[in-house]
Ligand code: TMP
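The chain that follows stands alone, in the form predicted alone, written as C-alpha cells.
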Amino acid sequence: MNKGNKLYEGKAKIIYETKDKNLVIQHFKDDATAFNNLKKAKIEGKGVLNNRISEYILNNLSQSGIKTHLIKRLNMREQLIKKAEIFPIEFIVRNIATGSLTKRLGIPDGTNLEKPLLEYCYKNDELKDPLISKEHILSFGWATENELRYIDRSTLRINDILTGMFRAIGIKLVDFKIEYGKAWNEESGKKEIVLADEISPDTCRLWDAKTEKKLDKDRFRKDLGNIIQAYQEVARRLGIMPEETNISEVNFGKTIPIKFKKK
C-alpha cells in the first residue's frame, strides 16, 4: 500500500492518505511529549515499540469482539487503518488513583479504586484537554446519547480485557485513555463506531505487579530514564519482541545503545 499526501500530524503519529478513500496509513513517530506538549524529546525506537504493542493489543481486542480501526501492520513503524471521523473526546479509565486524579482530589497515590472510574476529556490542546461531564458531551453534540452509551460499555469491556491481559504477565493496568471514531463499514454500507488511535505504554499507565516499577510514559514525564527499556519490557512480557535492531534512547542529551532480540 503506497502512501499518499500527509493528512494530519499529531504529537506521536502522522496520518497519510491512500488510494482507497476509506483507508489511511498511520505512522508512529519517536517523539515524546508530556504536559500538553510543554515537555518534548525524541526517543529513537519508541514508535517501533508502540506500533508493535498497539497492533498486538488491538488484534486481541478484535478477537474479543471489539471493533477497531486496525486493518494490519505494514512495517516496523506503520499500520493500515480505517479512516475514521474521531470524536473530540478522550475516554479515560482509572483502576488505581494516580496522576491528575490525586492532584485534583487529594486522593493518596496508589489507592485501589473499588470499581473502574470512567472520565471524559475534551480533546483540545489549547485548552489543555479539560475534564468534561456526560452532560457537556450531549449538550454540545460531541456524541449522541446512544453513541455515548455504546462507547461507555465498550470502554469498560476493554478495561476488563486489558486488565486480565496485563495481570497474566505481572503488570498492573493503572489507567489508560482511548479514542473512538466513526469509520465506513463496507458490509453494512454505513459508518460504525470503532476504537481508534493506539493502546501502548504512551497511553496506559503500567506498573510492575510486584515492585510497582513504572513501565510507561511516566518514565519520561517524571525524568526516571530508561524509557525504551521499560517499553521493551512490556513488549517482552507480551511475547512480541521486535526483530533484532539497534535502538538508541535520546533523552536530555544522553544516548544509550540498546539491542533487541529476535521475536
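For every residue, the number given is its place in the sequence shown, counted from 1. None of these values were measured; they are calculated from a predicted model.
One more form of this protein, predicted in complex with thymidine-5'-phosphate, exists but is not displayed; see below.
Legend entry - Option touching thymidine-5'-phosphate, based on a heavy atom within 4.5 Å in the predicted complex, out of Ser54, Thr203, Thr68, Gln232: Of the listed residues, the single hit is Thr203.
Inset, instruction - Find the only residue in Ser154, Gln79, Asn95, Thr98 having a heavy atom within 4.5 Å of thymidine-5'-phosphate in the predicted complex. - result: Among Ser154, Gln79, Asn95, Thr98, a heavy atom within 4.5 Å of thymidine-5'-phosphate in the predicted complex occurs only for Thr98.
Legend entry - Partner-proximal stretch of 176-184, 140-148, 71-79, 160-168 relative to thymidine-5'-phosphate in the predicted complex, 4.5 angstroms, heavy atom: Careful reading of the contacts points to 176-184.
Legend entry - Close approach of Arg221 to thymidine-5'-phosphate in the predicted complex, 4.5 Å, heavy atom: Because a heavy atom of Arg221 falls inside 4.5 Å of thymidine-5'-phosphate in the predicted complex, the answer is yes.
Inset, instruction - Answer yes if any heavy atom of Glu192 is within 4.5 Å of a heavy atom of thymidine-5'-phosphate in the predicted complex; otherwise answer no. - result: Taking the distances in the predicted complex, the answer for Glu192 is no, it never comes within 4.5 Å of thymidine-5'-phosphate.
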